[in-house]
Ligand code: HSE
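Just the one chain here, laid out as structure tokens, in the form predicted alone.
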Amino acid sequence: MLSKITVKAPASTANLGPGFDVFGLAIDAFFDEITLTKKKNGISIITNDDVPTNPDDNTAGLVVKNMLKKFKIKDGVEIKIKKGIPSGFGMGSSAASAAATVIAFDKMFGLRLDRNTLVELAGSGEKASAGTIHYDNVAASVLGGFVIVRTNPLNVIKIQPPLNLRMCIAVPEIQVPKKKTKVSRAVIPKKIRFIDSVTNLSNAAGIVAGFMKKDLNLLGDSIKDVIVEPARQHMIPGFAKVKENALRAGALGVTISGAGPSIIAFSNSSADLMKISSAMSKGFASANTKCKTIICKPSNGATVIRK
């Protein structure tokens, strides 16, 4: 068993359009870093970032609390959090902290947990930020690659993404609510038309087939959501123009990244990624909104960087 360990976990994009709460993809745009240190008792959080330091209100703190209880461990744990992922912009910021923590805790106490258990425990931390437990972002950050989350019982399927897959992410410079995920989940329709369910299901199946066959054209063409995206797009200034511009510039598919407000365009490594990014910036500019753009690719999952 270790007395100290540092783990980093990647950002992620969830849903990929029609795969709401089911699909996740780890991306190398940003990383969170968590250092756990054993102490005599209690849980303490140290950070220079704007995150809660009460363990019950912090995803990493809640993960440690739940794991200490579940495995009847008497030691205390100090949690040092270094945030690299912007919080509240649809890139799995809280999930990455939870993912890094669960891997660090597993290694520190020599638990050797299977991947479904790791994802389940990381997901328990999401309650601190989202108000509910969901696994799409944490599964991607824990395992890396493209993940499909099945529940009751939890069973995560990982698929290795195509090597030439690239993403352009436009992050608008707008104010987001503190409990943004909770707010954005509140606008999702409670009832949906049967035809819309069928449309999203067919597109979700197309995304899985695209990843399996390494067919980026099929993948991009299937990133179409007729349920959640229309309900959320009013929360993102210039969304329609950003999407239209990215597709015209050569993107294969465009959607909201997770709960937003970032917008993600999927493309091929041979495409003009700077042109797509610039087109997305112009789309936001049409709504008098500045944005930052990031070009990224799929990432591996949470990894130990120091012991």
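Just so we're clear, the structure is a prediction, and the values are computed from it rather than from any experiment. Counting begins at 1, following the sequence as shown.
One more form of this protein, predicted in complex with the ligand, exists but is not displayed; see below.
Colleague: Taking His134, Arg232 and Gly258 together, does each of them reach the ligand in the predicted complex with some heavy atom inside 4.5 Å?
Modeller: Result yes, every residue of the spot touches the ligand.
Colleague: In the predicted complex, does Lys158 have a heavy atom within 4.5 Å of the ligand?
Modeller: No, no contact at 4.5 Å.
Colleague: My question is simply whether Thr181 lines the interface with the ligand in the predicted complex - judged by any non-hydrogen atom within 4.5 Å.
Modeller: The answer is yes: Thr181 has a heavy atom within 4.5 Å of the ligand.
Colleague: Would you please decide whether Lys82 lies within 4.5 angstroms of the ligand in the predicted complex, comparing each non-hydrogen atom pair?
Modeller: Lys82 lies outside the contact set for the ligand.
Colleague: Find out whether any non-hydrogen atom of Ala14 is located within 4.5 angstroms of the ligand in the predicted complex, and reply yes or no.
Modeller: Within the cut-off, so yes.
Colleague: Among Arg185, Lys214, Arg115, Lys127, which has at least one heavy atom within 4.5 Å of the ligand in the predicted complex?
Modeller: When the ligand is considered in the predicted complex, the option within 4.5 Å is Arg185.
Colleague: Within 4.5 Å, heavy atoms only, one stretch in 136-144, 205-213, 169-177, 107-115 touches the ligand in the predicted complex. Which?
Modeller: Selected stretch: 136-144.
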